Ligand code: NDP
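Shown below, as structure tokens, is a lone chain in the form predicted on its own; questions about how it binds or moves come after it.
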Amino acid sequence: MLLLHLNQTNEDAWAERLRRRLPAYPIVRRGDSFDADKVRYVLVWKPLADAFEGLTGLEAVLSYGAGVDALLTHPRLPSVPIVRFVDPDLTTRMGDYVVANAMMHLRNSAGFLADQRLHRWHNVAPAKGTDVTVGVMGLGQLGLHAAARLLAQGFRVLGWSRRMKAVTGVDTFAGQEGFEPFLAGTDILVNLLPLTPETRGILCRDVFEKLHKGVLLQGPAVINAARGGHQVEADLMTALADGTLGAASLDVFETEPLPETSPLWNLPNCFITPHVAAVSDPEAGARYFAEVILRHEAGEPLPNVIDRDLGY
């Protein structure tokens, strides 16, 4: 039996999608009557406190989200495998966001928008893409795809991860010993890290000050499409105001929705989007999780299982 615990989503629509793909498999929603001990899989999104109550026969938690940081802090999370959602559509959407914003910073959008507001004709040429280095933090599926897309646009690309990885066309760095050299060569910093205790607050004043200067007209830029917990927003606001950063593209925030009172809204060099960089497609999600269940029921191992010790 599959239980849907998709808080803040349409569970009826999800049930219909999944039943089309699993016609012989029982699928129930939170409000249905069912025997909790017969549930083998639970598909979750922002699970409530009682999401796992009575699920004594559970074999896997299926997480409808690329990140599982919130799920891992659930006080009653069972000790069963957690399968995260991996889908080419989500990966492509994230690559679109990263490339679009990197190109925007390359072309001095913040500077020209400021000139436009002042009705000022400031004839200055932006940097060339081949002279600009984009540093990608996080070399998982999303980071590797983004790096490949950035390379195709002509950027030089650096990569930083917890452990050293060899990536074609990318100069890679790893661990604390590689972090400062990575930052020193980076003009546009892209964050695609998982949120763990080690990476929380990583986008801070100290990091911004170590980014490379002198190539982008307005100064180095930051793109955060991972988690709001990665950024120290007070540091971002100060750095954007005093020129330490020339611009920032933020899709995630410490508090979501971003409060109307946040000063970030009023910063002309801060580009805000409402956590839409890589929106998960429900049809793709239903297809993916139906395949996970069919294969596991046939005796195959679960894919994309989270390492709880690492947090991703």
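All residue numbers are counted from 1 along the displayed sequence. Predicted, not measured: the structure shown is a model, and the values here were computed from it.
Here the subject shifts to the form predicted in complex with the ligand, a form of this protein not shown in this document.
- This chain is drawn without the ligand; in the predicted bound form, the residue among A51, V39, A278, L43 with a heavy atom within 4.5 Å of it is A278.
- Contact with the ligand in the predicted bound form, defined as a heavy atom within 4.5 Å, holds for exactly one of P194, G135, G219, G95, namely P194.
- Proximity to the ligand in the predicted bound form holds for all of R84, K165 and E198, with the criterion being a heavy atom within 4.5 Å.
- Shown alone, this chain has one stretch from 27-35, 260-268, 51-59, 246-254 that lies within 4.5 Å of the ligand in the predicted bound form by heavy atoms: 246-254.
- Within this chain, G67 lines the site of the ligand in the predicted bound form, having a heavy atom no more than 4.5 Å away.
- In the predicted bound form, the ligand sits within 4.5 Å of a heavy atom of G140.
- Contact between S161 and the ligand in the predicted bound form is found at the 4.5 Å heavy atom cutoff.
- Although the partner is absent here, V207 is not a contact residue: none of its heavy atoms lies within 4.5 angstroms of the ligand in the predicted bound form.
- Although the ligand is not shown here, in the predicted bound form the stretch 219-243 places heavy atoms of A225, A226, R227 within 4.5 Å of it, in sequence order.
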